[in-house]
Every structure is written in C-alpha cells, then in structure tokens.
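Here's a solo chain for you in structure tokens, the form predicted alone.
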C-alpha cells in the first residue's frame, strides 16, 4: 500500500517530457515532397481533368463541351486498337520479365553460383540505359535491311526476317527488348526477397527428401509472394505507359499497327492539336491503371489472408 502511494507520488511529480529538437525535421522534409507532388502531379492532373471537358487545342481560349470527348472516345476505332495493343503488350511483357528476373535471381543466390557479383552488375546494366538507347540498340540488331540478326541469317543461307514490316514480329521484338532492359531491376528485388527466406526451411525440406523444384515451388515462391506482387504491379504500370522503347525501335510500326495508348495520346494531343480530346484519353488510361492496381491489391490481400 505504501509502495503504491510512493509510485503515485513519483508519477505526479515527474517533469513533462522535453520535445525533441529534431521534431520539425521530418515535417520540413515531408513538406518539400508535398510541394513537389502538388506542383508536378496534382496541379497537372487537375489541369488535364479540366481540359478533358473542353475543346482546347493548345492555343487560345477553349469552351467546355461536357462529356463530348469521352463519348467520342467510345466510338473511336483507333483508340480501341491502341488499347488492345497496349493490353497485348502488357500480357506479353509482364510474364516474360517476371520469369526471366526470377530465374536469374534464383540462379545467382545459389551456393554453387560462381561470379554472382559480376553477373548481377552485368544483368543490371541494361536497366541503367535510357529507353531511347535500348530501342536504338535493338533496332541495330533487328533492322530488316541493316540488322545484325538478319545479316547472320543470310550468311548461313536463310532469308531476311521481316522484323519491322510484320506487325506481330515488330511487337515481339519490343517485348523482348523491354524485358531485357527491365530484368535487372526486378532481379534485384527477387534476390533481396530470396535471401530473406530462412535457410532452416530448405534444410528441413531437404531432410524430408524434397528436391530443388519442390523447394522452389513450396518454399521460395510462397515466401516471396509480397515481392512478386510488387514486381507484377510495377511492371504492369510500366507496360501500360510504355512509349520510349516503341518510339526509338519501330515508332509504333509498321504504320500505326503497334501504337500504344501513350503514343495515341501524344499524337492526338501534340500532332493533331486536340489537347482536350487527348486529356480525356489520358484519364481513361489512368482509370484503367487504377482498376488494375486495385484488382492486384485485392488478389494479393486474399492470398496473404489464406
């Protein structure tokens, strides 16, 4: 009883906690980011949303046209073609990049891998290159008249492959080039995730007679599920917004057969001077990305709750 009274007395007379002198530092750093976010994202987004309801051409005054731009998009076959090609490119690019980066990461973290550090740098270098340079490099490789690949094919007696004039082959070349460039980034994420998997899991599985494939599918893949979700989400968003590699490799060709949504928006807005209409297409793309992100988050949450 006496001890409790003493404790109460200690609490009542304890001095107030002094405010840390670093309290304002996080607020200052956050405020800078908030200002930059508002200046370079929120403000352009608001302006773009306003333009999407107008007939703005880039110069002069504009008039509000309500939902006319969005209604026009619903009947635009070129818009549908660009959307379909964007989805096809995403469906091809994301699984290829995921499989390549996971395969390379799994090999490089193996105890038997030699020169893993050098190999990581080798595979990461393409991600450091500008997408324009990536497109130019692969154009030299797969150009129809001057490409290195067709040169060797003809040297061994084959016929030149229409890498640029065939729409499907042209798209396939861009998919492989983009996967090559993005593999390094995804690979580093997977390496970090695989290294965090407790080795005791693999030791216990080995004692139970599980082979490498069984360990990979039963231990590695479930353990790195959160990282896999991030890789798929980032790659999907990146693929839906791809522009530079297409522009530098085949410019969406042949013709306009491989124009993606971003190319369609750029050409409509800046070449045709239909800023309002292009802004409406931009917001449709943003809605598609939001739907994709929400679906992926719901699937990931359901997997984690199992």
Partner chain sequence: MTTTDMPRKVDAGPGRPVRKKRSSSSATGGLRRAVAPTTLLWVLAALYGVPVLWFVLSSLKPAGDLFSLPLTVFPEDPTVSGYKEAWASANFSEYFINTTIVCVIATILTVGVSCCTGYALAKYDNKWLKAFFLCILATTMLPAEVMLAPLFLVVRDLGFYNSLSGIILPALLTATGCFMFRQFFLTVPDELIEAARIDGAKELSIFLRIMVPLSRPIMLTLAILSFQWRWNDYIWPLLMLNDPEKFTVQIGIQSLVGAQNINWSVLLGGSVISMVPLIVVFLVFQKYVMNADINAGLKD
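Values in this document were obtained by computation on a predicted structure and should not be read as measured data. Residue numbers count along the first chain shown, from 1. Superpose the two forms; the largest set of C-alphas matching within 1.5 Å is the rigid core.
Another form, the form predicted in complex with its partner chain, is not on view; read the next lines as being about it.
Trainee: I'd like to know whether residue 65 contacts its partner chain in the model of the complex, with contact meaning heavy atoms within 4.5 angstroms.
Mentor: Output for residue 65 is no: heavy atoms all beyond 4.5 Å of its partner chain.
Trainee: Can you check whether residue 153 is within 4.5 Å of its partner chain in the model of the complex, heavy atom basis?
Mentor: No, no contact at 4.5 Å.
Trainee: Taking heavy atoms and a 4.5 Å cut-off, does residue 295 contact its partner chain in the model of the complex?
Mentor: Close contact is absent here: in the model of the complex, residue 295 is far from its partner chain, nothing within 4.5 Å, heavy atoms only.
Trainee: Answer for residue 139 alone: is it within 4.5 Å of its partner chain in the model of the complex, judged on heavy atom distances?
Mentor: Result yes; residue 139 sits at the interface with its partner chain in the model of the complex.
Trainee: Within 4.5 Å of its partner chain in the model of the complex, counting heavy atoms only, one of 87 to 95, 67 to 75, 202 to 210, 187 to 195 shows up; tell me which.
Mentor: After filtering at 4.5 Å, what remains is 187 to 195.
Trainee: Name the single residue among 124, 229, 216, 80 that comes within 4.5 Å of its partner chain in the model of the complex, judging by heavy atoms.
Mentor: The residue from 124, 229, 216, 80 that makes the contact is 124.
Trainee: Only counting heavy atoms and a 4.5 Å limit, does any residue of 213 to 246 reach its partner chain in the model of the complex, and if so which ones?
Mentor: Stretch hits, in order: 227, 230, 234, 241, 243, 244.
Trainee: Hey, does residue 255 budge by 2 Å or more at the Cα between this form and the one not shown once the core is superposed?
Mentor: False for residue 255: its C-alpha shift is below 2 Å.
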